[in-house]
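Given as C-alpha cells, the chain that follows is alone and in the form predicted on its own.
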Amino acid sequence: MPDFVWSSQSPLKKALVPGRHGAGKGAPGVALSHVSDIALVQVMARRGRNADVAKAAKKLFGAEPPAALKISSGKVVTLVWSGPDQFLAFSELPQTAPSIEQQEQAFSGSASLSNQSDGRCLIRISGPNARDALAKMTSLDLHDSVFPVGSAATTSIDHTAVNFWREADDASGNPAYVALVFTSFSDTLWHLFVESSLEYGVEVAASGTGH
C-alpha cells in the first residue's frame, strides 16, 4: 500500500496572482494579502461562567475577551468578538500562540472550544482606497467615526459569512481591514476583492504572506 504524504497549501494557490493589477498610474490604491497558516479557536463561555472565562483569557492570552463589536490584542493572539459570550482567539503565528491543548486546559469547565484553524484563511485589505473598494461589497459603514481601529463585526460579503475587523493602520497611515473567510469560499471572495479594487490599482502580495 502506498504511503500518502499530506502537505498543507493555500486555498488561494490558483486564484492569487501577485503583482500590480488594474489602474497602472501612481501608487496602488489598495493592497491585498492573505495568510492561510493561522491559529484560530472559537471560545464560547458556558452559562454563568463569563467571569471565569475573562480571568482565564487574561492569564493565557494577556488580554480579556473583547466587548461587543470589538477586538482586544494580547501578546501574539488577537481576540475577536464573534457573538454574545463568545470570541475567536486568532493568531498569524501559530507556532508561538497557545496550543489547543493549553486552551482546553485553561478554559476547562468554563467554556466550550472549537478549533477552526484549518477551516479559515485571512484576507487583509488596506490602502487609501480600501474603504472605497469594500463599500462595493459590504453594507457596513466603515467611516472612521463609526468603525474605528479595533472595531469588529460578524457580517456577510457576497452572501458569505465573514468575521471582519479593523486593525491598526498601515505604515502609511491608511486603514487596514481583515476578513476571516471559510476556506471553501475564499477563492470566490478573493476574486471579488480583486475586481472591486481594480479601478484604484491593486497590489497583490505573494501567496501566504501577511503584513
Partner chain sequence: MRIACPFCGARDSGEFTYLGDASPKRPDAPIDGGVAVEDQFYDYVYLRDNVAGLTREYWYHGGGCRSWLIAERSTTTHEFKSVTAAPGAGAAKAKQAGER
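Residue numbers count along the first chain shown, from 1. Just so we're clear, the structure is a prediction, and the values are computed from it rather than from any experiment.
What comes next is about the form predicted together with the partner chain, which is not displayed.
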item: Location of the partner chain contact in the model of the complex, chosen stretch of 28 to 36, 58 to 66, 155 to 163, 171 to 179 [non-hydrogen atom, 4.5 Å]; value: 155 to 163
item: Contact residue in the model of the complex, chosen from 104, 132, 118, 85 - any heavy atom within 4.5 Å of the partner chain; value: 85
item: Any non-hydrogen atom of residue 95 within 4.5 angstroms of the partner chain in the model of the complex; value: no
item: Residue contact check: residue 45 to the partner chain in the model of the complex, 4.5 Å heavy atom; value: yes
item: Contact of residue 50 with the partner chain in the model of the complex (heavy atom, 4.5 Å); value: yes
item: 4.5 Å heavy atom contact, residue 122 and the partner chain in the model of the complex; value: no
item: Contacts with the partner chain in the model of the complex - residues in 122 to 146 whose heavy atoms fall within 4.5 Å; value: 139, 140
